[in-house]
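Next come structure tokens for two forms of one protein chain, structure 1 first, structure 2 second.
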Structure 1
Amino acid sequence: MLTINTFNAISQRGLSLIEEDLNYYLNGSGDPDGILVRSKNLHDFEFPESVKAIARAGAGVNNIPIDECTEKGIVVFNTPGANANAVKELVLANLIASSRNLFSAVGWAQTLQEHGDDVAAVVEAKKKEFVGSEIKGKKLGVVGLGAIGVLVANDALALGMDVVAYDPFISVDAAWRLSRDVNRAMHIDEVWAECDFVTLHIPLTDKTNRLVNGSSFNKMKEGMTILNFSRGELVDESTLGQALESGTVGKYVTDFPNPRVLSMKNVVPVPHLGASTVESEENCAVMATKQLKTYLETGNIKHAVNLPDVELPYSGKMRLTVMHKNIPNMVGQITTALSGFAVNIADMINRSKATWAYTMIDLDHVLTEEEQAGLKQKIESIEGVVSVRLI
């Protein structure tokens, strides 16, 4: 039996894939083999030794200590694209709502009951204070052209916007999906200088932390609206307040409110709703659960953030999986260890991603318990190996 524990509200569609499988306990009392999580911060979490994999039902993995997990032999998955449509729809909604002053206007209208029969007259007298502008013909900058950025860029074109985008690391897949009418910015400063609206769709990493900062504000077109449905830390809050005060930034729409940002003027706070639709929560939960179960049952890896995709059809005899550093002679040392156990290799695969690699070897028969323990011990003692499983 395998145990999967969960954090956060994971959609029932995903949980039932565990509950209905007699090989699994969901949130059992024993040590977990796998963890399903959304946004819970796991940076201070003590991972039990039993944990082999974590699946993030969502896109951002900045809440998970990836390097620590990798060193401990834990594979970390996410669900690329599974919530992209939900985020895109909310970004488009906020583009329009912010340029029409919708939230402040509605907030004001909700206070009018005391005017009784005069409400209509009060409305007509005051509505000039909420005059907005149309997004058609305005310039939108999209920073990051992954699953979400491409959808936003293409649909903004369809709404009549002029779109310029910046992503020096765009994938071939994303480039295929992007409309040819999206203009390419060669440097992020072009986005700051030219756009009426900028929307951020990049992951939070050491390199992107405070990507939008005092120097960006100095280059910005006056009155720009910034939409941040990626992560709060992408924007330097120590200089944002002044940029909002001076009108350099006209509005800051953020899915990540905090006390500091809430105290600034012209902030539109959204309570982290980007992925909060029934459809997106189901997509993420089902995809994360399937990836986690597949890894636990077969060793196959799809959509891990710390290892490459590695897939071999599972024959069901015996499979050896080894997670190790991407250094010379690892496969040689692993097969040498196997040679002491009179077993033939039926199939094998080795793939690497940056400094880490993963090797799967299918054996032509099932080893005894004693042989399994001996083989595991031998391979675990190889320098650079962080996880060994026999499935």
Structure 2
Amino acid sequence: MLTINTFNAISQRGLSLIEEDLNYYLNGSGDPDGILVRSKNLHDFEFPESVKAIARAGAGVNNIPIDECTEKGIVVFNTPGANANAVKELVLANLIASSRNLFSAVGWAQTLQEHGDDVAAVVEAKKKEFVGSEIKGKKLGVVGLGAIGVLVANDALALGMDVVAYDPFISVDAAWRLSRDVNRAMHIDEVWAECDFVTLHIPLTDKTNRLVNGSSFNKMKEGMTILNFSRGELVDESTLGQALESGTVGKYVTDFPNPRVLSMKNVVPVPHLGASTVESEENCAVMATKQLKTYLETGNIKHAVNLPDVELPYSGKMRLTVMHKNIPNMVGQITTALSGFAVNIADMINRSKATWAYTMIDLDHVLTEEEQAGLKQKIESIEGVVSVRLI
């Protein structure tokens, strides 16, 4: 039996995949094999040695100590794309609403009760101050063409916008899903110079931290609206305020309000609602649960943040999986260890991601418990190996 423990409230649609499986305990009393988590901060959590994998029901993994988990041989999954439609809809809603000055207008209208029967007259006299503009025919820049960026680009085209996108690392899968009518920007400066709106859909990394900064603002089309539903740190707030004051940036729509941003003019603060839909939470929970169960049952990996995708059809043969550092002769040492147990290799795959790698080997027959213990001990003694499993 395998045990999966949960942190935070996980959608019942995801939990039911565990509860209805007789091979699993959900939140059992023993040490867990896997962990399902949403927002709980695990940086100070002491992981039991039993933990083999963590699945985050969401895309961001800032609440998980990735390096520590990797060193302990724990695979960390996230759920890219599971909340893509929810975020896309919110981006487009805010794009239209900010262009029409809807938030300011509605906020003002909610103050009119004191005017009594004169409300209609006051509205007619004042509404010209909230005149906005239509998005049809305007140019939208999409920075980042992952699951969300592609959806935003395609749907903005359907709304009559001219769309230009920048992503030097676009995947083949994303390219297949992107409309051929989306124009490609060869450099991000083209986006700053040409677009009326720019929406950010990139992960936060050392290279993207404060990607939108003083240099970017100096190149922007006057009055541009920036929409940030990815990560607050993508925008340099120390120079954003000046860009808003000068009118270089007409509006900044962000899903990540903080005291500094809230003090700036022409900011539309959204209270981190990007993935806050019932459907998104269900999708994330189901995807995270399936990834976790697949790894525990077959060793196959998909959407791990610290290891590459590694998949072999599971035939029911005994399977050896090894998580190890990406250094020379690791596969040779693993197969050499196997040679002492009179077992043939039925199938094998090895993949690497940066400094780490994962090797999966199907054996042609099942080893005895004593042989399994001996093989595991032998491979664990290889320098650079952090995790060995026999499934």
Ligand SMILES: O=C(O)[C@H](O)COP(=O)(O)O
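Numbers given to residues start at 1 and step along the sequence of structure 1. The term rigid core refers to the maximal set of C-alpha atoms that superpose within 1.5 Å between the two forms. Note that the coordinates shown come from a computational prediction; the quantities given were computed from them, not determined experimentally.
**Student:** Is the form predicted alone structure 1 or structure 2?
**Tutor:** Of the two, structure 2 is the form predicted alone.
**Student:** Quick check: residue 325 between the two structures - does its CA shift reach 2 Å or more after fitting the rigid core?
**Tutor:** Shift of 2 Å or more: no.
**Student:** Answer yes if the CA of residue 221 moves 2 Å or more between the two structures after aligning the rigid core, and no otherwise.
**Tutor:** Moves: no, less than 2 Å.
**Student:** In whole degrees, what is the turn of the smaller rigid part against the larger between the two structures?
**Tutor:** Domain rotation angle between the two structures: 15 degrees.
**Student:** With the core fitted, just quote the Cα shift at residue 50 between the two structures, in angstrom to one decimal.
**Tutor:** The shift comes out to 4.1 Å.
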